[in-house]
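Given as structure tokens, the chain that follows is alone and in the form predicted on its own.
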């Protein structure tokens, strides 16, 4: 594993596939021009809108999103995470909330289908019932072992509240974990940063957390603050509240230092 720059992209995705892909390409280009070799897009990067509209366009969104990620990886010669996009599940009327990690050759390295679905009545008056249109994934995420970039793990948004998923990744040797999200503005102000820091600290790994921000559609407002956090829990980069990019260096020497100073993973009883 070498030292390299990673980027967490922050978007305001809307109910317009082509507009979102154009925004994503612009921000990927910005990240690459700053030297990023590992880039992550947020949850629902290619479409955020009414659930019925999402389902009606599901096949097109899935096809164009996957094609876009592979083209971006090859064009910019980067490893890139398509934070998530809907992939229709045949004969169900539902989709998998799907994330893919793709290498510079355009080859898929990891495919993960979100296992924890956001069915919550938020105190701001909004109700979210992700399971009404999304089918929960049946497998925990895997690790991609990269000799250059380290062992990379993947998760999606609401997963961040379930530490056992990240301990599963830690057990597999995770060095860097992606947490792409579309965190609600209401919960994000209190929980987003502290949850990200907790996952980094307890698993002594880097966290790359791309995010949605602003008003995506109707009353749907997202928190922003795409971040990169080091294994000690230090925030290395924060994209704030506007579309943009958080960029920071991933250092194997820092991983080794923190794991030596705080060898908590070696002290586990269960």
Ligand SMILES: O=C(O)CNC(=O)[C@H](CS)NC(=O)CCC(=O)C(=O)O
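Everything numeric in this text was worked out from a predicted model, so none of it was measured. Positions refer to the first chain, counted from 1.
The form predicted together with the ligand is left out here; the points below concern that form.
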item	value
Whether 79, 111 and 175 all lie within 4.5 angstroms of the ligand in the model of the complex by heavy atom	no
One residue of 96, 118, 144, 166 in contact with the ligand, assessed in the model of the complex (non-hydrogen atom, 4.5 angstroms)	118
Partner-contacting position among 196, 154, 182, 73 - heavy atom within 4.5 Å of the ligand in the model of the complex	182
Options 98 to 106, 183 to 191, 145 to 153, 166 to 174; stretch whose heavy atom lies within 4.5 Å of the ligand in the model of the complex	183 to 191
Non-hydrogen atom contact residue 48 with the ligand in the model of the complex at 4.5 angstroms	yes
Contact of residue 213 with the ligand in the model of the complex (heavy atom, 4.5 Å)	no
Distance check, residue 225 to the ligand in the model of the complex, heavy atom within 4.5 Å	no
The ligand contact at residue 217 in the model of the complex, heavy atom, 4.5 Å	yes
Residues of stretch 124 to 145 in contact with the ligand in the model of the complex (4.5 Å, non-hydrogen atom)	128, 130
